[in-house]
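Take a look at this single chain, the form predicted on its own, given in structure tokens.
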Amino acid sequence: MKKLALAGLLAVGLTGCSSEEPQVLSLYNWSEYMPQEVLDRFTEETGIEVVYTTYDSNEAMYARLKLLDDSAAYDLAVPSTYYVSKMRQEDLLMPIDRSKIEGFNRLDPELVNLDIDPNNQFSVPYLWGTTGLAVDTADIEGEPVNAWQDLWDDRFEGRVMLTNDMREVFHVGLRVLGYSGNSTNPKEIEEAYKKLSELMPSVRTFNSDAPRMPYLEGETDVGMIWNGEAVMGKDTMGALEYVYPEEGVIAWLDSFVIPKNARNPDAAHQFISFVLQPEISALISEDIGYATPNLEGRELLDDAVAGNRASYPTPEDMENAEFQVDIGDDALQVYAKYWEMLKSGR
């Protein structure tokens, strides 16, 4: 594989630094969301070691970043759509120094300068995707599963999987009832809780570490899944299908942010530039099944990847899609109350 264009520049930058302590980049990211090859190549090209730590929800990431003092701070994190806005407004993020980043101009114009972060002052898009339905077609009998509502079918009792994500699960309940997945109306949220409570006898597990695994292990047959997890799961189990529910998928954009107390922001900027190289963006998309916002990277994708609807949906697939937005702390507390009740069986 050819040397990366940035390698020479990075090598020059490191010349004469051998007497210094090795640089470290502390990356806080979702589980299974960065190929090891990318981390290894970054270290090979820059000499910067990557310490990789994972979380399974935006809530967990947010809580930890708020609690950590400067001595244990992370240099880079990857929150989802609305949490970029939340963290920006709470002054938890360091501004991105665009002069230290190469390749920002390669990003899809439709995925930058969004309301969550005008002019991308604090974030750089990493990957985007959807949360839809996973169906083990080898075990499902009867009518095909086409909608979130189908999860309430009695034939799936004890065989349903949900992500361990409060907003996503309530998004499903709200959309089944005909409401926005971003509702801040306490009555609508309560209705969604009651609707989801009816589903709980069918729920076998909640999983946001590796949502494909309950399907691959035969624990569940139908439920929620992130599109990239469905792509990876299908590589192992051909009968696993990703379905765009009639009520609409949950759409999201995950972005790089630099926490305000980052210890090595220069390394964070270098890593963002590294990932923005078309070759690296394409490698990531091909390896873990999510869509890259890097337009030049998309051009390098194998046809089998670029044409995979699970990774790269058609306009028709996205007709009823809804991006999650920051709903504010008051509404979030309402969700949190009912989420605790839902999971505790109250």
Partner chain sequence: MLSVRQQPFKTAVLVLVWGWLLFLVLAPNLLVVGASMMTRDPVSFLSLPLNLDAYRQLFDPLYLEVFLHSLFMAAMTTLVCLLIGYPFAWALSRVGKQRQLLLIFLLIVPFWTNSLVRTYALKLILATNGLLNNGLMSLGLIDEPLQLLYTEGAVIVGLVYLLLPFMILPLYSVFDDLKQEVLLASHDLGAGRLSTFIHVIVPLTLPGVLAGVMLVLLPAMGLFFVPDILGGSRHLLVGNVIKNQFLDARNWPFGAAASIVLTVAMAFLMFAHRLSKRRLGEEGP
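Residue numbers count along the first chain shown, from 1. The structure displayed is predicted, hence computed values, not measured ones.
As for the form predicted together with the partner chain, it is not shown, yet the points below apply to it.
Only one segment in the set 53-61, 300-308, 286-294, 317-325 has residues whose heavy atoms sit within 4.5 Å of the partner chain in the predicted bound form; it is 53-61. Of the residues given (137, 180, 205, 185), 205 alone sits with a heavy atom within 4.5 Å of the partner chain in the predicted bound form. Proximity to the partner chain in the predicted bound form, taken as a non-hydrogen atom within 4.5 angstroms, holds for one residue of 109, 118, 218, 238, which is 218. Contact with the partner chain in the predicted bound form holds for all three of 158, 200 and 337, each having a heavy atom within 4.5 Å.
Although the partner is absent here, residue 85 sits far enough away that none of its heavy atoms falls within 4.5 Å of the partner chain in the predicted bound form. Of the heavy atoms in residue 146, none are within 4.5 Å of the partner chain in the predicted bound form. Residue contact check for residue 164: one or more of its heavy atoms lie within 4.5 Å of the partner chain in the predicted bound form. In the predicted bound form, the partner chain lies beyond 4.5 angstroms of every heavy atom of every residue of 262-296.
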